[in-house]
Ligand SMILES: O[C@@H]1[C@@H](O)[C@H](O[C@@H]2CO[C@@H](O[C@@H]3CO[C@@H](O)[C@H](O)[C@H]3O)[C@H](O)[C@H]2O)OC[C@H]1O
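Below you will find one chain, with nothing else, as C-alpha cells; this is the form predicted on its own, and questions on how it binds or moves follow later.
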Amino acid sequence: MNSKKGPADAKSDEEMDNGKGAFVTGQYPNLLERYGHAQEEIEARLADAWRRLFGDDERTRIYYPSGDDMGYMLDTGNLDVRTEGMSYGMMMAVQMDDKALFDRLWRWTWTYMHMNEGVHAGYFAWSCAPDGTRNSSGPAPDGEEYFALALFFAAHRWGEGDPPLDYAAKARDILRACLHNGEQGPGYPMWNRDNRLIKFVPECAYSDPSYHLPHFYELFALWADEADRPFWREAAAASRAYLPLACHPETGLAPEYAYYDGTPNDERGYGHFYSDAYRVAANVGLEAAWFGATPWMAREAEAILRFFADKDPADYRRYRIDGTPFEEPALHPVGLVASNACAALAAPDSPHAREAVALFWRTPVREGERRYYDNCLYMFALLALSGRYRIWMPAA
C-alpha cells in the first residue's frame, strides 16, 4: 500500500502552510535530489546506512537479534536498551518496509518493557539491560509517542495480526494510558491535561522541547480513541505555540528541559542546548515536509542553520541557548549534523540550507562507543531528506 493524502481538516493550526505539506499533496520533498544527487545514489546511501545500522558490522551496528523472534536497539554508550531507541527502530523499520525487524523489536518491547500494574500501568520502562532486566520502572514519554505512531503506520502498511502484533489496538492502548493514567487510581498522565503540553516524565511539571511532535498529534487526532481526538488536535496547537517560546529567537537553539512558559529549566543542568535538544531541528523539518512550514518554522530552521554555518563539527560544544559556548564538547556531533540538515526541509531556499545538507552527505555514520544516538538521528535525517519518511494512512 502506498502512503496517501488525508483529509485536510486534520490541520488544526490556522498558520499551517495549506497545500504544501505531503499530508495534503501526497508529495514528499526529496531535498537530496533537489540539491543535485541522483536517485540511484540516494538509494545506495539509504541501503548502505541500513546495512551498517542493522547488519553485523560491529563498528556501526546498533541492532542485535535476541532469540528466535526478538531483537533490541543497544545504546552503545550506556550499554542499555531504551524506549527511545526501540521506538526509533520501529519507526525506521516501518518506513523501510521491514516487517520482520519491526515485529522483533515490538515483541522485545512488549515482553520486557511494558508495565501492566502500578502507577505506570500501560507505560513502558524506559531502560532495560540487554537481557530484559529492568533498570528502571519509570517511563519516558518520547518512547510512547513514537511507539504509538509507528504501530499505527504498521497497521496501515501491513494489517493487524494476533496480539501483541495487533498494532493499531496497541497504539490506542498506549495513547489512552498517556492521557488517562491515574484517573481510576494512582498514576500520572504523560500530558498536562490543562495546558496540553507533554511532560518530561509523568510525575514532573515541566517539559522537554524535543518531545513536542505536533505532526504526530495531528495523526493521533485521526486514529486515537474517538473521545480523545479533540485533545490531540489541541495538543498539536499547544505544541506549535510552545516551541517558539522555548527556542531562542536569534540562534534557534532550545534547551533540553524547559518550563511550561518556555524558559530553560536548569535545575539539573539541562537548561542548555545539548543532546536531547538536537532533535528540535529534525522535528521542525519533518513537520514541514508532512504538513507544510509555518513562517515561524522557516525562521527557526534558518536561525539554526545560520548559527552552525561557521562551526566545524569537530568543535561543536554545549551551548547556552543564546549561543554562548561551554568548554564541554558535543557528545553527538554526527547527530547534530544530521538534525540540522533535516531542518532544511522547513527552509529549503534559505542561504545555509544547501551547505547543511552537503555537510550531512559528506558525513558517514558514526563508529565506536557513542554511535547509537548519532546513528538514529542520521537514519531519520536520511529518510526525511530523501522523501522516504512518510505518513502511512489506512487502506481506503
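Remember, predicted model here, so these are calculated numbers, not experimental data. The numbering used is simple: start at 1 and walk along the sequence shown.
Keep in mind that the form predicted together with the named molecule is missing from the display, and what follows is about it.
Report whether all of Gln27, Ala282 and Tyr378 sit within 4.5 Å of the named molecule in the predicted bound form, measuring from non-hydrogen atoms. Looking in the predicted bound form, the three residues Gln27, Ala282 and Tyr378 all stay beyond 4.5 Å of the named molecule (heavy atoms).
Heavy atom within 4.5 Å of the named molecule in the predicted bound form - the one residue of Ala358, Leu331, Met70, Ile42 that qualifies: Looking at the other structure, the residue within range turns out to be Leu331.
Identify which of Phe200, Tyr242, Trp106, Tyr146 has a heavy atom within 4.5 Å of the named molecule in the predicted bound form; exactly one of them does. By the 4.5 Å criterion, the partner-contacting residue is Phe200.
Taking the partner as it appears in the predicted bound form, which of 71 to 79, 153 to 161, 290 to 298, 217 to 225 has residues with heavy atoms within 4.5 Å of the named molecule? Result for this chain: 71 to 79.
Verify the contact flag for Tyr211: yes if a non-hydrogen atom of it lies within 4.5 Å of a non-hydrogen atom of the named molecule in the predicted bound form, no if not. Flag for Tyr211 set to yes.
Can you tell me if Arg370 lies within 4.5 angstroms of the named molecule in the predicted bound form, counting non-hydrogen atoms only? Yes - in the predicted bound form, heavy atoms of Arg370 and the named molecule come within 4.5 Å of each other.
Do Pro139 and the named molecule share at least one heavy atom pair within 4.5 Å in the predicted bound form? Yes, contact at 4.5 Å.
Is Arg268 a contact residue for the named molecule in the predicted bound form, using a 4.5 Å heavy atom cut-off? Close contact exists here: in the predicted bound form, Arg268 approaches the named molecule to within 4.5 Å, heavy atoms only.
Across 273 to 291, which residues bring a heavy atom to within 4.5 Å of the named molecule in the predicted bound form? Contacts from 273 to 291: Ser275, Asp276, Arg279.
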